[in-house]
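As structure tokens, one chain now follows by itself in the form predicted on its own.
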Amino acid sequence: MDLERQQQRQTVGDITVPDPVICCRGVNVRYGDKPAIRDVSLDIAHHEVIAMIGPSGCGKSTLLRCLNRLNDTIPGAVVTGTITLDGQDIYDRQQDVVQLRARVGMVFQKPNPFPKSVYENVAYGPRIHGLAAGRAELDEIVQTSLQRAGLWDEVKDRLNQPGTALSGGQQQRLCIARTIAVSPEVILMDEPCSALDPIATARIEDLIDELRQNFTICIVTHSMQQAARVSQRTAYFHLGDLIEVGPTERIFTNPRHRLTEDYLTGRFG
């Protein structure tokens, strides 16, 4: 079993990229006595979409939550190793976590608009971070963010209505607009389409492709088809280990590790 574990932990593929925006080295996470991910090293490039796939409980969401220190909010969670954003250690004691989460935004599995108006959902972040000098500038940020999220035309006459009154797909795009309103460098997406119907899912996938021009996107997804459609690179996780990472097309057509092939062909997972 130890030999098998050792073989599994020999990551296959291009874990490094030139000039990465995020660099993970030897990252371990445990919740109490239970290890969640082990010795994960992975670079994430500027303006790429990288998909993290694997069976439930394999550690992909755990790693995602490390990238903006959301695991800090979980009692008993211990993170070791090094994660840098633009060369700076995000776990440094001097790191302002609020500022970090503005630079590395998060879109969750279930749409979670604030119980506020559409306008206030998007304006909230820029207001608390002091990104707008006045109302006119704030109005411009709100409109631009909603336009970039592909939602402006649907809500421009409903800005004062509750965000929770929108459809599920619209709520998720509102959450994306709220995230990009503070001009993050990286957007983390944890199964952003799992609660949406196929039409809303297609809208989000098209949006991801557009946002890649300005943002780096890390997406955790259970849908292999979605990973194949939206990402440039794919990372496969298994039982807390990063098994393989590489260009998405190669991962899906010519995986180099047996565990990756077994998962993609449906032998397990």
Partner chain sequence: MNRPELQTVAASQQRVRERVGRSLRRRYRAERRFRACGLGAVLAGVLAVGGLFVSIVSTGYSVFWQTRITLDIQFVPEAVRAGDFTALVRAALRQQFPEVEGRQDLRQLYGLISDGAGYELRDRVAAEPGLSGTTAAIALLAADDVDQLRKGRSDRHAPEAERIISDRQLAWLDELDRRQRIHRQFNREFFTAGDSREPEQAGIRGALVGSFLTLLVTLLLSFPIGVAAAVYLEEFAPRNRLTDLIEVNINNLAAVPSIVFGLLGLAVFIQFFGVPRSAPLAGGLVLTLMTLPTIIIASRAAIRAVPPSIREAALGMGASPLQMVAHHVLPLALPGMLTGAIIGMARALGESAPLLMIGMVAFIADVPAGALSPATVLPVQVFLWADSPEPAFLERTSGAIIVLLVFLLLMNAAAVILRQKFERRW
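Positions refer to the first chain, counted from 1. Worth saying up front: this structure is predicted, and the values here are computed from it rather than measured.
This next part talks about the form predicted together with the partner chain, which is not shown.
Next item on the list: Tell me, out of Ala228, Leu70, Ala45, Ala200, which residue has a non-hydrogen atom within 4.5 angstroms of the partner chain in the predicted complex.
Entry: Flagged contact: Leu70.
Next item on the list: Check each of Asn112, Ser167, Thr82, Gln143 and return the one that places a heavy atom within 4.5 angstroms of the partner chain in the predicted complex.
Entry: Of the listed residues, the single hit is Asn112.
Notebook entry, point to check: With the cut-off set at 4.5 Å between non-hydrogen atoms, does His129 touch the partner chain in the predicted complex?
Noted result: His129: contacts the partner chain in the predicted complex.
Next item on the list: With heavy atoms only and a cut-off of 4.5 Å, decide whether Val182 touches the partner chain in the predicted complex.
Entry: Yes - in the predicted complex, heavy atoms of Val182 and the partner chain come within 4.5 Å of each other.
Note to self: Given that the partner chain is not shown alongside this chain, does Arg148 nevertheless sit within 4.5 Å of it in the predicted complex, heavy atom to heavy atom?
What the structure shows: No, Arg148 is distant from the partner.
Notebook entry, point to check: Going by a heavy atom distance of 4.5 Å, is Val98 a contact of the partner chain in the predicted complex?
Noted result: So Val98 counts as contacting the partner chain.
Next item on the list: Name the stretch, out of 118-126, 85-93, 151-159, 135-143, where some heavy atom lies within 4.5 Å of the partner chain in the predicted complex.
Entry: This holds for exactly one stretch, 118-126.
Check: Since the partner is left out here, which residues of 19-35 would have a heavy atom within 4.5 Å of the partner chain in the predicted complex?
Finding: None of them.
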